[in-house]
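Here we start with a single chain on its own, the form predicted on its own, put down as structure tokens.
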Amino acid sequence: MSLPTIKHVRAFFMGGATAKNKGQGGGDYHDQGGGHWIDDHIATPMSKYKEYEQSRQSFGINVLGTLVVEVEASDGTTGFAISTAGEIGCFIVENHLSRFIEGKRVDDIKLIHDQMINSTHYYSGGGGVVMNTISCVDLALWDLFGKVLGQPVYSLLGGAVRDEIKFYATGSRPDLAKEMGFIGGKMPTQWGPHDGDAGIRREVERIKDMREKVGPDFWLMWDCWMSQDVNYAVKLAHACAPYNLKWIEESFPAAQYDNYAELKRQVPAGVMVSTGEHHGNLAAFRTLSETGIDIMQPDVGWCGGITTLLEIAAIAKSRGQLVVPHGSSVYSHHAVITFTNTPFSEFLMTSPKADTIRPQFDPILLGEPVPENGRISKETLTKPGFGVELNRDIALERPYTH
């Protein structure tokens, strides 16, 4: 079969600090309007400063905005993907990465990926917005390849190993998530080391209250978003263990590998340690795996795309670890349904009160599937590529051309 080449790559953005319209959601799901649970008193590395304690948007969590990368093949087929990189990502795609993309065959994904990674080492820092941008290109290439062949991405990866994906919900209301059919609920912590033992007591009261609401077997987890030190994380895990805490997640910033190893050594039996959404490349995940944590949680839109996620899953599998990607909707679904070491997945509740099921990247994707009774079936994912289309009624900006 003769395959087309890639004729054009284009980069657009919406939301973020430089956009005309803000608070739209999309790939940068932190870019929400006021009164959203995702911005309401969540512990962060900035919480020790009073002026930044209440709102994550106050310190700039929503400044990047959504990046959209579109690739067009010589036969007219187009693929696209979204991530969190905004106007900065547009500059990188149009002015740097385009040279590695245009003119290649649509199946040259690994070659393009390797060239993008190696050509950006000098300013990527091993992750961050550069890797978000590379991830977005990689996902767009997989989408294009699937659409050219008329196959869903999961088929290109070797096929599904299960008939459905089971989900836990991340949000402020695990009790409502249980009613919606999810297998568990992950809550953000609100307090940190600067709050001392009083902060731990407050978190214990929260999990105790939620345990009473959801019963003994529904999973409850803490998302700590890099806000803790070892002493605080260990004390929190032990204090919450009597309430059947399933795991404690991302207690420390990404580079603090020694802290993750120490936390794993000191948590109570039965409490798992997880992290990974802010780790930005393959080497970081190899080191993270060596700490002995239980679950690695790469974000497929931030770690290098599907191409890197496959390699991370292999590292985890070799050590008997789970890989449960940070919620990324269809971009995760098509990968995890092919992984034998991903028995469940994450769904991020992006409705303002976490009381309804809203597509994670709403409103930018058309046809984005959501769990029904906490599950998405394999049959839901059978459309070509990632099975979604770009909402072109949204005002996307293309600030650069090449």
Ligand SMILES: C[C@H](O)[C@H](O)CC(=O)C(=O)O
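Note that the structure is a prediction, hence the values are computed from the model and not measured. The numbering used is simple: start at 1 and walk along the sequence shown.
One more form of this protein should be noted, the form predicted together with the ligand, which is absent from this view; the next part is about it.
- This chain appears without its partner; in the model of the complex, the one residue of T170, Q228, S332, N132 with a heavy atom within 4.5 Å of the ligand is T170.
- E346 is the sole member of E53, E368, E346, E70 with a non-hydrogen atom within 4.5 Å of the ligand in the model of the complex.
- Heavy atoms within 4.5 Å of the ligand in the model of the complex are found in one stretch of 369-377, 351-359, 332-340, 22-30, which is 22-30.
- Though the partner is left out of this view, M46 does not reach within 4.5 Å of the ligand in the model of the complex, counting heavy atoms only.
- In the model of the complex, at least one heavy atom of E277 sits within 4.5 Å of a heavy atom of the ligand.
- Though the partner is left out of this view, P188 does reach within 4.5 Å of the ligand in the model of the complex, counting heavy atoms only.
- Taking the partner from elsewhere, D138 is found to have every heavy atom lying beyond 4.5 Å of the ligand in the model of the complex.
- Residues are counted as partner-facing when one of their heavy atoms sits within 4.5 Å of the ligand in the model of the complex; in 28-54 these are Y29, H30, W37, I38, I42, in sequence order.
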